[in-house]
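Just one chain follows, in the form predicted alone, and it is written as structure tokens.
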């Protein structure tokens, strides 16, 4: 039960230029080493990576080793760790029709090869965690792929990675839509079900992103509780989401404070972080943010998390159980809301 110290991570992409599908950058790019130094300064403990955040996907083996060593040196110099590496399978021309669910076997092989290389990179920078966001593993047109076959291909792909390296953990980050119209395995529950059919279920878990759960019409804290019960919640991407539209990656707790509170409460209550799991924030600065405030969303998310953690730890268990025992849920609701209001 809770009361351990949480450690925080973010990705280099969370400090970005403000470009969106409708407009160009509005802020300059920041050097990676500067991002690491600043994240350390504002109280973060680690960095999340895509494979090409470390080194270009086109780099040869020698160049990959050299540049990965430089990245590891920067992390070490700032006392930061690498939380995970995620193969970026959704931007390359070879993955237009998806990676491991593509109809073309050559494209499926590309996805597998790039993912194996991501595992090699993960070793070079000191992590055993591989996050899979199956961004284009789905369809725009439902009949475009056979869904029964696609499910088998998901398991075959995970098995190939588990077999390639006996130390890594595969961590699925599910999302129901965007960029695809419909994604395969749209929720964490789907991925956990698949996990049990792999060759090593103990090495397959999930990364739950608040916004992705909301986009699926689900409550993030319940999704987290489900994964925690399975002992498969190995990463989180905390953020917020204003309605059922595109993935907004808003600052954690900035839209729905009560939902954010319930996420913090369940994570703390059931020991998330006690085995080294990190609190990851996948939050992006607003396009309107001025360059000198480019880290404020990360400062805000951490501060809100810690405020909500203090609220969660101030709750009186006996009071809550009394409300539950008498079925006084209106009273319980007021108790929680007033706590969030600082009363």
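Predicted, not measured: the structure shown is a model, and the values here were computed from it. Positions refer to the first chain, counted from 1.
If you look for the form predicted in complex with a small molecule, you will not find it shown, but the lines that follow are about it.
With the partner absent here, would 40, 82 and 277 each sit within 4.5 Å of the small molecule in the predicted bound form, counting heavy atoms only? Checked in the predicted bound form: no contact with the small molecule for any of the three.
4.5 angstroms heavy atom contact with the small molecule in the predicted bound form for residue 133: Yes, residue 133 is a contact residue.
Proximity of residue 45 to the small molecule in the predicted bound form, heavy atoms at 4.5 Å: Taking the distances in the predicted bound form, the answer for residue 45 is no, it never comes within 4.5 Å of the small molecule.
Applying a 4.5 Å heavy atom distance criterion, does residue 307 contact the small molecule in the predicted bound form? Residue 307: no, not in contact with the small molecule in the predicted bound form.
Heavy atom to heavy atom, is residue 86 within 4.5 Å of the small molecule in the predicted bound form? Residue 86: contacts the small molecule in the predicted bound form.
Name the stretch, out of 209-217, 98-106, 260-268, 162-170, where some heavy atom lies within 4.5 Å of the small molecule in the predicted bound form. Heavy-atom contact with the partner occurs in 209-217.
Between the options 35, 50, 27, 302, which residue brings a heavy atom to within 4.5 Å of the small molecule in the predicted bound form? Comparing distances to the small molecule in the predicted bound form, the residue within 4.5 Å is 50.
Using a 4.5 Å heavy atom cut-off, which residue among 157, 110, 90, 184 comes into contact with the small molecule in the predicted bound form? That would be 90.
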